[in-house]
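Okay, so here's just one chain, in structure tokens, the form predicted on its own.
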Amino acid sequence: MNVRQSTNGASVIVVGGGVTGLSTAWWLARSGIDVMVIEKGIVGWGASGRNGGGATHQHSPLFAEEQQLWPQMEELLGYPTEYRPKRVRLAISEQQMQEAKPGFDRMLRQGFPAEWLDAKQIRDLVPLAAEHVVGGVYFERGGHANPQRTVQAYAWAVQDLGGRILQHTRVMGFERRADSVTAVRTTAGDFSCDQLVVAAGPQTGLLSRLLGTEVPVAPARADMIVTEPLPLMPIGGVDGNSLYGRQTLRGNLAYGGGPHEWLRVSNSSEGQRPSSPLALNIAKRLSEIFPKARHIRIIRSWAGIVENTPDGRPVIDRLPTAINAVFATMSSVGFGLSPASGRAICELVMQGKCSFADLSDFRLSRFGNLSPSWREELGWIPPESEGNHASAA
């Protein structure tokens, strides 16, 4: 691959300054590739910096690599991520215990330790847990990190390796020669490239459409709440009651988890409201699993805009209409998988395939017969006004 240095472009241009794009750029820069990241706002300003920080995705073919890499990331990047291993999924009903079984089975099948816990064991590890907790699952591998610190670590590490990051720069279109992209047109001018990676979150579908093939995604608002600090629990990563999140190193509880409010593809301002009624739903469910924390105040809330594919699985693939363009959407689970997904995309760009995981489930061709009205059929409809909030995913 050409490793030229150019002020008017780069060997590889990455569109999207979230964790997937930044991780990809970092892996490329580590391999000696001249890379430029183009971000319409500030790096990590979307869902990448506004999530629960979980890193336990047993369902993904990238899980083994995720678990191998996370404990090394602070040393590799040279900056803090606040990664902590171990995770607990607790249940306050027998139904929730059954819902935890698939994740437990997948963990064991992949050779990672997992253990069923009774109610007393859960309360020992999670002192805030409800007295009526039924039990849960302990994962030795998995864990969580600080999204804001991690995004910044990726960005600084990219720049340390000579990569360039253009913020507040919107992509307007692409220049093409035959079936290849030759340049990216932006509000800051045109930038030439040999290879293109698009990991632009909710805008991924719009940008792919400009190249003749649409990656189907639906944007949604994902709310989070943060509480006052509490004494640190033995394990900070605790999921349950359809919530995900963590206790920060300062002691705050930072939690989110559906239902989503579906948004219009073209209107990013909808996700910028500071709070919504969905935050109250999150607070209610959090108090159900942590009743000993009911007295503490919520000190802030925020939302990131995530994108979801029709089947909920990521897309990492080249476009059939642009052979040098790789498009990636992690379908709402990008943060935790970012060390592995960035490496996978880097290898796809440089070698044409991923050496450590089977990415066949992530092919775009699986949507070849997708109905044009798939969003309506799934019920993923934006609210008619800001006062209305759509139903759960």
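Keep in mind it's a predicted model, so treat the numbers as computed, not measured. Numbers follow the displayed sequence, beginning with 1.
Same protein, other form: the form predicted together with a small molecule, not shown, and the subject of what follows.
Look at 348-356, 361-369, 326-334, 25-33: in the predicted complex, residues with non-hydrogen atoms within 4.5 angstroms of the small molecule sit in 326-334. The candidate spot formed by Q96, I122 and G240 lies out of contact with the small molecule in the predicted complex, as no residue has a heavy atom within 4.5 Å of it. Within this chain, P339 is remote from the site of the small molecule in the predicted complex, having no heavy atom within 4.5 Å. Using a 4.5 angstroms limit between non-hydrogen atoms, P216 is distant from the small molecule in the predicted complex.
The closest non-hydrogen atom of Q247 lies beyond 4.5 Å of the small molecule in the predicted complex. Though the partner is left out of this view, A47 does reach within 4.5 Å of the small molecule in the predicted complex, counting heavy atoms only.
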